[in-house]
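Same chain, two forms, each on its own as structure tokens: structure 1, then structure 2.
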Structure 1
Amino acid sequence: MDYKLLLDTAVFAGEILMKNGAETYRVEDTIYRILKKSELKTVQVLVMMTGFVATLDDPSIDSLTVVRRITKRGTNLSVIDRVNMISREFCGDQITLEEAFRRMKNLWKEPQIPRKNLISMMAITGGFAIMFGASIPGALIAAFAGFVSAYVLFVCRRYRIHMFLENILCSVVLAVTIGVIVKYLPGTYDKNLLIISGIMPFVPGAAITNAVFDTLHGDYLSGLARAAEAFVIALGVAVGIGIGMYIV
């Protein structure tokens, strides 16, 4: 077996999972199961929120160790599911190592399509507005504000603006957009309800869930780090909404 290729496959899997919001336990378990296919004496995996270390060692080979630093994180459950599927197929001997590596690499290189994010944000914010009791025109306002905030988010990530500032800017634009439309558009709208609908995609629900999950699994360092990340995101959104409402 090509142990270097096996390690690269496991590293691709771990990096993709971490960048798309997988739990620490899931990342560690996936990397470990892939590396155990080597049947070497020593397989060690250490995963933290900001990176991971994977090692293969045996008296018959030179030790192989890879360190990966993760600086960008998001949430994409579809990608996590696809990585899990490839991992299960490989560990179940349904596909070869070369095929698993090729599929992992293609998934790692797969570009994100901005227009899908924009359309999704419109659907989410408009849907939340209807769920919270807004009228159809109100839901359209929330959807438009979601589109604008998603575009600002895309620009911020393109220029690698810090996460805290990113959430502030998106929230400011969201609050200002809704405030201006409600003020000048004919009709009666609940501004607070529309703003709440607009910020729902920015609420760090996945980060809070993963923080609890990691803590219950004994990954206390990752759990505390994720809880801190959730607090920073929530603080940024709150500050941004406050600034936006003050401007309006």
Structure 2
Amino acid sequence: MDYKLLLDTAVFAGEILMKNGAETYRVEDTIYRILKKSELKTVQVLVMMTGFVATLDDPSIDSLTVVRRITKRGTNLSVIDRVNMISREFCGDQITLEEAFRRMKNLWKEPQIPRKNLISMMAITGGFAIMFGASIPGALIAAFAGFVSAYVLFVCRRYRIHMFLENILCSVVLAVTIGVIVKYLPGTYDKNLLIISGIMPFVPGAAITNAVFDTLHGDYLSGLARAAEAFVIALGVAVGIGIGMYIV
């Protein structure tokens, strides 16, 4: 067996999983299972939220070790599912190592947001407005504000603006948009409710869920790191809303 290629495949899998926001224990488990196929004596994996180390060793070969640092993280659940499927098929001897490597490589993409997300953001904010008990015109206003803030997010991603600043900018724009519309449009709308539904897309729900899952699997370090991430995101949104409400 080509151990170098095996390690490369495992590292690819781990890096793709981490970049797309998989839980830490899942990354560790996937890399370990792939490396275990080598049937070498020592297989060790250590995954933390910000990077990982994997090593293969045996008396018969020189030891191989790889370190990877992960700096950018997004969330794409279907990519996680696909990596999972490839590694399951590879570990069940349904596909060869070369095939697994090739398919992993195809999944290798930078996390980015496609344009159809602008429409989905409208569905999110409008849906949440109805869910929290707003009227239909209120939901339309929330959907419009969601579209505007999603567009700001889109521009921020294009210019690679830091995540914290990105959250602040989006929520400032959101709060100002809703504030202006509620002020000048005839009719009465609950401004607080609309802003709450508007910030829901930026609230760190994925980070909270992943933090719980990591802690549950005994990965306390990553659990705490994700909780801290959730806190930083929430702080950014809070600062943005504060500024936006102060302006209007």
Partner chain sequence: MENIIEMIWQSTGGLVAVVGFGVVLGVEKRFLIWAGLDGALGWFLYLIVDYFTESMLLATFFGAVLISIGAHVCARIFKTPVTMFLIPANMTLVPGAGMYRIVYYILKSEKEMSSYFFQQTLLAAGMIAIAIFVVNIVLNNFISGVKHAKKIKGR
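FYI, numbering is relative to structure 1, first residue = 1. Rigid core: the largest C-alpha set superposing within 1.5 Å between the two forms. Predicted, not measured: the structure shown is a model, and the values here were computed from it.
The form predicted together with its partner chain appears here as structure 2. Here G187 counts as shifted, since its C-alpha moves by at least 2 Å between structure 1 and structure 2 after the core is aligned.
After superposition on the rigid core, the Cα of S87 moves by less than 2 Å between structure 1 and structure 2.
Once both forms are fitted on their core, the CA shift for L97 between structure 1 and structure 2 remains under 2 Å. On a core-based overlay, F147 has a Cα shift of 3.4 Å between structure 1 and structure 2.
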